[in-house]
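Before any questions on how it binds or moves, here is one chain, the form predicted on its own, in structure tokens.
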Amino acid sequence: MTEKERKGLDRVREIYQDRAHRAKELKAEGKQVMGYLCLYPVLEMLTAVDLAPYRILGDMEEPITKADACLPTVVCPFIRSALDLGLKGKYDFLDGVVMAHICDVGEKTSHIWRTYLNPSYFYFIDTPHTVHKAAQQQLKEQLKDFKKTLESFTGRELSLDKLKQAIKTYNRQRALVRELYDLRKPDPPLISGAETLQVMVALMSIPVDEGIDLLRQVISEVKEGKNGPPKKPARLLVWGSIIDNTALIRMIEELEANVVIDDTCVGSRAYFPNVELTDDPLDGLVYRYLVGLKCPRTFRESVFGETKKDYIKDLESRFGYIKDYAKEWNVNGVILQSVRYCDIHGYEVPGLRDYLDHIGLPNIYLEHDYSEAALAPLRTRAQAFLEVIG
């Protein structure tokens, strides 16, 4: 079977195993490929000027050898890994990069990337960390400037019509991702958590129109398939910082569990919120990327008070969507996981565990250092947890 004939999950696995291959093909065909880090660069604006967005990820299997000259070892190992790959030339095919203020380490790394790698195009979106109206207006003004730099770099106009069309295209892709996730609601699910993660990584490695075609193929194949995951006692939600390698999910699913829903940035968090079609498309984009994305790097309006009742009310306002996920996907346990030194997720864990305890969902917190070698002790803890809820 030739590369072009491969479809569905075979094509997904092919892209997952060699993420850069398609991007390099596009570059050879004259397409400009724009790298981006995390969720907050606005992909619709890149696509509207005919750039191919490509998400910068790390590599759990690649030892970090160069990034330690630029970043201390006591910071996020994922960010260190991504920078390490850049310093090793693994992202040399990119025509430029767009970064955002995802966290303090991510912000510093963005400027280190610019200094050491000197990309032909670089833009840093100083994404606000609050969601009130002034913050939304601040982000909108930044996107206006971002638009000008994209037009200057590409020599193409970023018109309102092109931007609206790009928004509609991405919303179609997001709808298909939600449809794919719906296939994990039956018991047993029709597709595993590890396979779903491979799909998500593949989508972040190819242009949006190709991603739409790929999703349609995968959904059709999964619906018709007879070799889905077996029924298992535990139906889990996995929450936390980035998971871009299937090793952790495979480890969990090799036990008596199916991972049926996630809340991570290479999963539902990246794709579930749509962009509202507003008269000025920047308004819809600002709301989606600042308010709609449910990442703990953003502070929500607090309703916290001095009583226990107020505390639970505050937790409900922050984490109520997780209760909805648990109900829709019939979840009976939650694994909270985070890479070591990820402050934004680590600080969220105590409140989230209190909330899960309040609504009666068993949970466990696992911390790892973004390497496959670190998974063995986590397996023992996960197995003990599953025995408790099984």
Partner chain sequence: MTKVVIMGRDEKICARIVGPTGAEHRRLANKVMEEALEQANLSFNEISCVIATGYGRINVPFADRQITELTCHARGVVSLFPKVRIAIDIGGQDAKGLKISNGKLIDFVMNDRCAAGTGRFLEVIAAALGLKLEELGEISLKSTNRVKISSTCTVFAQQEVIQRISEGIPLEDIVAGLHDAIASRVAKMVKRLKIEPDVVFTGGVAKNAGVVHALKENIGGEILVPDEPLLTGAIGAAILGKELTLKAVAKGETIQRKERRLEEATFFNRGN
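The structure presented is a predicted model; accordingly, all values stated were derived computationally and were not measured. Residue numbers count along the first chain shown, from 1.
There is also a form predicted together with the partner chain; it is not shown, and the following applies to it.
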Closest heavy atom of residue 381 to the partner chain in the predicted complex, within 4.5 Å or not?
-> yes
So in the predicted complex, does residue 340 come within 4.5 Å of the partner chain, heavy atom to heavy atom?
-> yes
Taking heavy atoms only, is residue 364 within 4.5 angstroms of the partner chain in the predicted complex?
-> yes
